[in-house]
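What follows is one chain in structure tokens, specifically the form predicted alone.
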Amino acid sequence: MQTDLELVNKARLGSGAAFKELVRQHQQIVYNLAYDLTGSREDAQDLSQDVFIRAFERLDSFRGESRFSSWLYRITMNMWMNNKKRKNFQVLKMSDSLESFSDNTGKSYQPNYPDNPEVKADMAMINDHITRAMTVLSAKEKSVFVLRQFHDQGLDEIANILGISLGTVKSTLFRSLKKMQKQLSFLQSH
């Protein structure tokens, strides 16, 4: 199997098959992030498509200093922030609720919850509260929060993806966690 950098170099030389393979390998993580940011399948599909078009157009700017997936995350975050200014995207939601999620390889996992309607109702309620709580976060706070909490990115990686300092990532994450804690504090009493 070829590395991302090998595929990028072939795509730069005009190999459509190489770029198609890059898309195949990374489309799920880009879609998952886009969905976590937009909360809409349609908007996530549109954003994902736009991300890969932009990546193709700017393939020469990928220097290989970071992972290709980090470069795609950065493009996704920048395009989302730019689109957010122009469009009224739906409220941020977690990927298909807390019942399923994907890791950075795009593999989906389904936790083994009991087939209990009460547990499922509680999970849906918690997911709804988290979605609503996230509306108080600024775009920057939401970006850092989503990358850290939903996509398990390290602080250095988040700084690289967003093009901000590590200190800014730490303070932004701290603020977003405090806001979320305040918004969800009522859940502690349940």
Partner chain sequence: MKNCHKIQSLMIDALTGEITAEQQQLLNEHLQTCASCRTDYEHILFANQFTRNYTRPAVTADFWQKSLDDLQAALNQRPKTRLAFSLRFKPQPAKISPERFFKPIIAVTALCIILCSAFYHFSKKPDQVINDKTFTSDFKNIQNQAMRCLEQSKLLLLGFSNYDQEELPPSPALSEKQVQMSRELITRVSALQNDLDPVAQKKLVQLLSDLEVILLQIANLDSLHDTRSIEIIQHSVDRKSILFKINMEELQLLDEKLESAELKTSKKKEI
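If you're wondering where the values come from, they're calculated on a predicted model, not measured in any experiment. Positions refer to the first chain, counted from 1.
Beyond the structure shown, there is the form predicted together with the partner chain, which is absent from this document and is the topic of what follows.
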Review point. Does the partner chain get within 4.5 angstroms of any non-hydrogen atom of residue 67 in the model of the complex?
Key: no
Review point. Does residue 41 reach the partner chain in the model of the complex if we count a contact as any heavy atom within 4.5 Å?
Key: yes
**Study point:** 4.5 Å heavy atom contact, residue 145 to the partner chain in the model of the complex
**Key:** yes
Review point. Would residue 130 count as a contact of the partner chain in the model of the complex, using a 4.5 angstroms cut-off between non-hydrogen atoms?
Key: yes
Check your understanding: Considering 139, 164, 155, 136, which brings a non-hydrogen atom within 4.5 Å of the partner chain in the model of the complex?
Key -> 155
Review point. What are the residues of 10-30, in order along the chain, with a heavy atom within 4.5 Å of the partner chain in the model of the complex?
Key: 10, 11, 12, 13, 14, 15, 16, 17, 19, 20, 23, 24, 27, 28
